[in-house]
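One chain is shown next in C-alpha cells, namely the form predicted alone.
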Amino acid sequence: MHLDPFELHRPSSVEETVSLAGRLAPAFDYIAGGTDLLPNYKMRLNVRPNLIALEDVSELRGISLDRVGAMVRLGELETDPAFGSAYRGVVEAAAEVATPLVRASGTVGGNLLVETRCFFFNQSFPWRKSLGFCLKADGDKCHVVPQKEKCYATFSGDLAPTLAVLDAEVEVAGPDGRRRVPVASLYDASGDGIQRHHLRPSELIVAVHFPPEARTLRGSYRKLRIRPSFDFPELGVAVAARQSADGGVERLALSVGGLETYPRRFDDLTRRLVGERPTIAKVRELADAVRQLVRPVHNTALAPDYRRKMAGVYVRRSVAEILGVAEETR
C-alpha cells in the first residue's frame, strides 16, 4: 500500500484554517492524528489532493473540566487525573481506543469524526474492484442491503456516546463563523453512513465543551470487540446518571454506538426511570427495549443478531452498575 501524492497545508490559526478550507473545498481533508485517514488513503478510499494539517493550530489544544481541545491526544485525555476523576466514562472510552501507540497520535476531534466502517468499504482497492465498488467509495450500490440510495456503514467512534450522555457540545468554526452543536445532535440520524454528520462544508471542530451539570453525573463505558485491543467497537454503551440521597433516579442518559450509522441516544426509554427507585426488573425492561429497537446489519465481523443481543446485555450491566442495582444471581 502507498500514499498517492497530495499537497500538505499547515495553517497556524482557526481563522486561517477555515479560510483555506473554503478555498480548497471540496478537494481537501483535515488531518489531525492521521490514524484513521492515512490508512484509508493507503487503501485509496476517497483520496483528495489536499490535506490541511491541524498540528500547528494552538487553539485546538488544552484540557480543563469545561473544555477539551479537538487536537488533544487520546493518550493525554486518558492520563489526565483531574479530567478522569470528573468524567470517568469519557476516560474509559479513550482508554479503549486501539492501542497506546495509536492513542498517542489519535485525537479527540478525530475520534468524533472517525470514518464509518463496513467490510465492503474497508478493503484494498484490488479487492473492492474485483467485487464491484460500493456507494461509499467509487461505486453506485450497497452490497450490505442491495440498493442504490443508502449506505449502511457503521459508526465506529468511542468518545461520542460518552460525550452525548453528558450533554457536551462541540464548538464548530467555519467560513460563516462559529457555533455550538450538542454532540447528541452532531450526527445524521437519518441513517446514512456517507453523510455521517451535520458539519457544513469546510467546518472544523475546535473543542468539546462540558456543562457544569456534567460533573454531577456518574458515567461509564462498555465496549464489545473481537480483540481486547486495537479493534473498532462492534458495540459501545455509554451511561451517565445522578441519583437523589434516597436512591431515586434524578437523571439517566444512555447512548449506544457501533451498531448503526450514528451513535444513538434513548431518551424516551431512560426518561421512564426518572423519579423512580431503580430495580433490576426496571433495568431489564429498559435493556430489552433497547435490544428491540437497535438495527445492526451484517457489515462487521460479528453477526447482527449477536450484536443486538449483546446490546441488551451491555445496557443491563451498565445501567445496573451505575445505579447501584444488584443483578440477580442464578
Partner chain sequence: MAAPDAPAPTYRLIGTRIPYIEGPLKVTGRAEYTDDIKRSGQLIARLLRSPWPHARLRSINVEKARAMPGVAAVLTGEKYPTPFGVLPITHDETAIAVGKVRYIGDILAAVAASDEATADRALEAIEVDIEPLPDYPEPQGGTIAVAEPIHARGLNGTNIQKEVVQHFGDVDAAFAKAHATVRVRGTFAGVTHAFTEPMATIAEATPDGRLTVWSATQVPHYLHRALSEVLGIPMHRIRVIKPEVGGGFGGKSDPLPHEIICAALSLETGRPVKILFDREDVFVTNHGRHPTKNDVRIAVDADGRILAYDIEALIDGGAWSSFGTVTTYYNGVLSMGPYRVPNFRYHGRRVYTTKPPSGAMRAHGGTNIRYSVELALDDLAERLGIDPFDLRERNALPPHSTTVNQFRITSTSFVKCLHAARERSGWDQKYRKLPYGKGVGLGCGFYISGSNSPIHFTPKMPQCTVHLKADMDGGIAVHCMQADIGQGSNTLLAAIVAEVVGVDLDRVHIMRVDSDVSPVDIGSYSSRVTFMMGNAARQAAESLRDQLIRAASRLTGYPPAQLEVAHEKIRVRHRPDIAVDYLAALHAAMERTGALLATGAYNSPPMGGDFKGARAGTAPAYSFAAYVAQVDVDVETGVYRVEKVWAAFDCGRVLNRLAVEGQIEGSIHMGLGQMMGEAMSYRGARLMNPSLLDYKIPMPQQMPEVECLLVGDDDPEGPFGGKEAGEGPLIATLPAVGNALHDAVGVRYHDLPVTPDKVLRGIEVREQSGRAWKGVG
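Residue numbers count along the first chain shown, from 1. Predicted, not measured: the structure shown is a model, and the values here were computed from it.
The following text describes the form predicted in complex with the partner chain, which does not appear among the structures shown.
Practice item. Only one of A289, I280, A301, I63 comes within 4.5 Å of the partner chain in the model of the complex by heavy atoms, so just point that one out. Key: So the residue touching the partner chain in the model of the complex, by this definition, is A301.
**Study point:** Partner-contacting position among D176, E213, D231, E250 - heavy atom within 4.5 Å of the partner chain in the model of the complex
**Key:** Here the answer is residue option D231.
Exercise for review: Can you work out whether the partner chain is within 4.5 angstroms of a heavy atom in all three of Q123, S130 and R227 in the model of the complex?
Suggested key: Judged in the model of the complex, Q123, S130 and R227 all sit within 4.5 Å of the partner chain.
Review point. Should R117 be counted as a contact of the partner chain in the model of the complex, where contact means heavy atoms within 4.5 Å?
Key: R117 belongs to the contact set for the partner chain.
Check your understanding: Do R308 and the partner chain share at least one heavy atom pair within 4.5 Å in the model of the complex?
Key -> Result no; R308 lies far from the partner chain in the model of the complex.
Practice item. Spell out, yes or no, whether the shortest heavy atom distance between V313 and the partner chain in the model of the complex is within 4.5 Å. Key: Yes, V313 is a contact residue.
Exercise for review: Check whether R44 has any heavy atom within 4.5 Å of a heavy atom of the partner chain in the model of the complex, and answer yes or no.
Suggested key: Although the partner chain is absent here, R44 would touch it in the model of the complex, with heavy atoms inside 4.5 Å.
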